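Here's a solo chain for you in structure tokens, the form predicted on its own.
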């Protein structure tokens, strides 16, 4: 008996790619971005013409800043150190408060959404308020001085560090946590021996980064009476002593660069 002859297979219909090519999507994205930028420029009346017409005034301002009044350094040294101290206190206190809040926000640590979601909403509210508004509120409550600036940086640091830390906690390796839970470890033991060792390097990195930001922010908080070097900067600009303002800016730049390089070295050692 002969085997049946194989029937010829029907050719499969050609696959028609109905998706537009990738380059067309890229072109459409760039066009959309350009349209958004143009619309925003029209609505805010920000045009290159304004920049060009303002260049002579910028040149005149820079001309009045130089040479800097170096004799003003002894006057601004104490307020500058006060600015750094405000940043240290605000960052440290805000970072300490951020740790338990970050644990409450993390779904892998706090699976109860009725607790985690309200805490996240409060955290989002804190991060919505800018540091200058915090400083203005605390100046109105506690009066002019560095205490109001310190409190403003506490809330500002708390919002940033808590947000970044709970995201880092949710991204840690769940293996050690599951192993500790399987052998009967309590929730506090899991946090102490499983969560904190993994999240601590990231927390320290975020703490140092926030400290860098707070040194710059504390220099501006004095504009609303929250202490620090900002008060002298506002006074120098108000009296048109741009040579003194230049000294303040240069000294702030030097201190910020020192802190930036130091914190970068520390982060490399931790990570």
Partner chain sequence: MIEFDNVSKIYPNGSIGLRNINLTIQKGELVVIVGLSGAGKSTLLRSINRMNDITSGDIRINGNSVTQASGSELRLIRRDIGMIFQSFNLIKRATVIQNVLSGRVGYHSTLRTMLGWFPKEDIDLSLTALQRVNIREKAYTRADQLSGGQQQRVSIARALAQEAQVILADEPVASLDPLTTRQVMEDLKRINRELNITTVINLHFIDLAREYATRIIGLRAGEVVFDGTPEEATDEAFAEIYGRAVKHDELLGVL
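Nothing here was measured: the structure is a model prediction, and the numbers come from that model. Numbering follows the first chain given and starts at 1.
Heads up, the form predicted in complex with its partner chain isn't pictured, but that's what we're talking about next.
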Quiz item: Pick from 186-194, 158-166, 107-115, 67-75: which stretch has a heavy atom within 4.5 Å of its partner chain in the model of the complex?
Solution: 186-194
Quiz item: Of these, 143, 130, 175, 100, which has a heavy atom no more than 4.5 Å from its partner chain in the model of the complex?
Solution: 175
Quiz item: its partner chain isn't shown here, but in the model of the complex which of 119, 80, 139, 180 has a heavy atom within 4.5 Å of it?
Solution: 180
